[in-house]
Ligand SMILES: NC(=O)c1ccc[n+]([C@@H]2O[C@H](COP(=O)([O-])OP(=O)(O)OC[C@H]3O[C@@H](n4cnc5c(N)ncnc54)[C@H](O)[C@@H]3O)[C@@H](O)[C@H]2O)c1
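What follows is one chain in structure tokens, specifically the form predicted alone.
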């Protein structure tokens, strides 16, 4: 636990018992606006706001339904009515959808205001809040967005430790992905300790993997695509099946493991599947309509004029991006119980 900087842009604090001063550190705003999802995030936002200057708390929809232009317009109108200005601070409190939305709003409102994130899920802490991607959904997930680093991310381990098992599993899926592409020690930790792995260490290791890649390739012109391991099929399944992001990524990694074995000689396919199973995450998505998944894959941001590109592993810690043909996509879908 401690504090470190990502890409010379984002101060990341990991500890227990974050308060308003912890969240505002590095800023001196006249006013603070907090965007919070309902439930636990809203309660946390209310507690933080009590020690912030002239705060306004705006509740946003839960989950992916927050990531629409309609919600952006609602939030911007609320900010304008409240008199929020460029020198003020916006704080996103909640899961990955909340930080995605907050980052997008911060990029466009008043032509850009400072934004801090308080992720309240493990997925948000290890993935969505780190790296400067913001996104909204259109026909496909994350089809619109910007690259813009938050100035600060505050990860309260007391909040993460209180997560229900389902949300812990979802976050561990993203942490496992980070380990598979860049930290074999993290993979071994999750393999050995499973859901009992210390969340502070899991989060910090996963963040360092992402931070290192982002520092080398902020705008995703090359290496940053490695962080999409498991997401090409995973995002499509998430939308088609309506399952949580972490579960979809787990299935997506199984599909990517099959492709890795076929095109890159990856020898860890069975081990990866065993780890995912041991973490209580799904490895198949039976009953999902294959045509719908294929249509969503066809809209994937990683598609180029040369066809669909997927991230594969030659071995743990050695990812690469390859073009795949339709037969390989079929093999990937078959591996996770999606036929046709």
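As the structure is a computational prediction, the values presented were derived from the model and not from experiment. Numbering follows the first chain given and starts at 1.
There is also a form predicted together with the ligand; it is not shown, and the following applies to it.
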Review point. Does residue 282 reach the ligand in the predicted complex, with heavy atoms at most 4.5 Å apart?
Key: no
Check your understanding: Given that the partner is absent here, does residue 88 sit within 4.5 Å of the ligand in the predicted complex, heavy atoms only?
Key -> no
Exercise for review: Indicate whether residue 257 is a 4.5 Å heavy atom neighbour of the ligand in the predicted complex.
Suggested key: no
Review point. Might residue 97 be said to contact the ligand in the predicted complex, defining contact as any heavy atom within 4.5 Å?
Key: yes
Review point. Here the chain is shown alone; which of 113, 140, 163, 243 has a heavy atom within 4.5 Å of the ligand in the predicted complex?
Key: 163
Practice item. Name the residue from 105, 199, 159, 187 that puts a heavy atom within 4.5 Å of the ligand in the predicted complex. Key: 159
Review point. In the predicted complex, which of the stretches 117-125, 247-255, 69-77, 264-272 has residues with heavy atoms within 4.5 Å of the ligand?
Key: 117-125
Check your understanding: Counting only heavy atoms and a 4.5 Å cut-off, does the ligand in the predicted complex sit next to every one of 38, 133 and 167?
Key -> yes
